[in-house]
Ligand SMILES: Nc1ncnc2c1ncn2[C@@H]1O[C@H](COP(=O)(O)OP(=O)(O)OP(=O)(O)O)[C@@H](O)[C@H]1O
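A single chain, nothing else alongside it, follows as structure tokens in the form predicted on its own.
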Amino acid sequence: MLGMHVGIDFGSSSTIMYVDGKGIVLDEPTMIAVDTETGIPIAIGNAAYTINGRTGENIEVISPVQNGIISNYTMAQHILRYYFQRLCGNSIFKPTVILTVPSGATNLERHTFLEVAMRAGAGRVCLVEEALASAIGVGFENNALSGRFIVNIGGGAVDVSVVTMGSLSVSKSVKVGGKSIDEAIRRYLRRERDILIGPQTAERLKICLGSAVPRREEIAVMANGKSGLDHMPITFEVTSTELYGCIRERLDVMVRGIKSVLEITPPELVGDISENGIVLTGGTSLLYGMKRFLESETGIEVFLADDPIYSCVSGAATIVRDMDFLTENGYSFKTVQQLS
């Protein structure tokens, strides 16, 4: 097939692209900054992330993918079009795209992903579930009879699935992820300490101090924000103990979703999972103590993927290099002419 072959993980937090023959060529925040009066984009990706929280009312920074699902069609299309143009330049051939989507996406949501990618410039698009792509990315064999349990904790959602024989047996998406932890930190500081912080500060505090289990030794960092009383700049100290308390509710939602999938999994596959363990992928799986937290809650051994941030796009890359996988497993490409 002529043209570029691209695998895309279009997530709530970041957009990661793989190009056949080149490897991972792009990893940038799924963000776009627009002029509020004209609606014209002024920054995308890293540039939009840099100005997020630093703009006036005339500029709005938008994350068009929320909880793993496209929530702003137009802005999502702007982002993908911009990246396709960067990758393909003046090529007359439109790219062939493998696009990962949440396992729990509805038919309407899946159609939106298809349409956005095609209107943005893709020639043909095939949707593959994130869980299946992640399973391939971490090395699960497509023809393995044994059931494997994979938990992909991303920025916007937790994708929980049981994979067997190259297909999904059971799957569910829980609409809570790394971004909801950031928001929990912001709400806590505003409610308990009258301190206002931006999204970048919240993310930094999560990375530095956040944990899924209590730390043996408390640590603290200094951060900058704004007083909620007089709106003046303020420098404050926050501890790991404070943040553990405020994000635990979000973690409990995650683990309830994971347990709900185990509850509806056939007994034979549950036996396989008990023997094989749970494989953890996604950027939020790197939160301190997440592996121990899930082991204590489920009673099942948990393994962190070797490269959890890129597991999903690595699976898409494998599929890009072996298109026979799609036909063998009932997947098909769509073109813009086939959209209804």
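Residue indices: 1-based, along the sequence shown. All of these numbers come straight from a predicted model, not from anything done at the bench.
The same protein also has a form predicted in complex with this ligand, omitted here; what follows describes it.
Gly283 is the sole member of Gly289, Gly277, Gly283, Pro41 with a non-hydrogen atom within 4.5 Å of this ligand in the predicted bound form.
Exactly one listed residue, out of Val302, Ile273, Ile59, Ile309, brings a non-hydrogen atom to within 4.5 Å of this ligand in the predicted bound form: Ile309. Residues of just one listed stretch (222-230, 172-180, 74-82, 243-251) have heavy atoms within 4.5 Å of this ligand in the predicted bound form: 172-180. Residue contact check for Pro95: none of its heavy atoms lie within 4.5 Å of this ligand in the predicted bound form.
The shortest heavy atom separation between Arg148 and this ligand in the predicted bound form exceeds 4.5 Å. Within this chain, Glu203 lines the site of this ligand in the predicted bound form, having a heavy atom no more than 4.5 Å away. Although the partner is absent here, Gly154 sits close enough that one of its heavy atoms falls within 4.5 Å of this ligand in the predicted bound form. Contacts of stretch 5-30 with this ligand in the predicted bound form, defined by any heavy atom lying within 4.5 Å, are made by Asp9, Gly11, Ser12, Ser13, Ser14, listed in sequence order.
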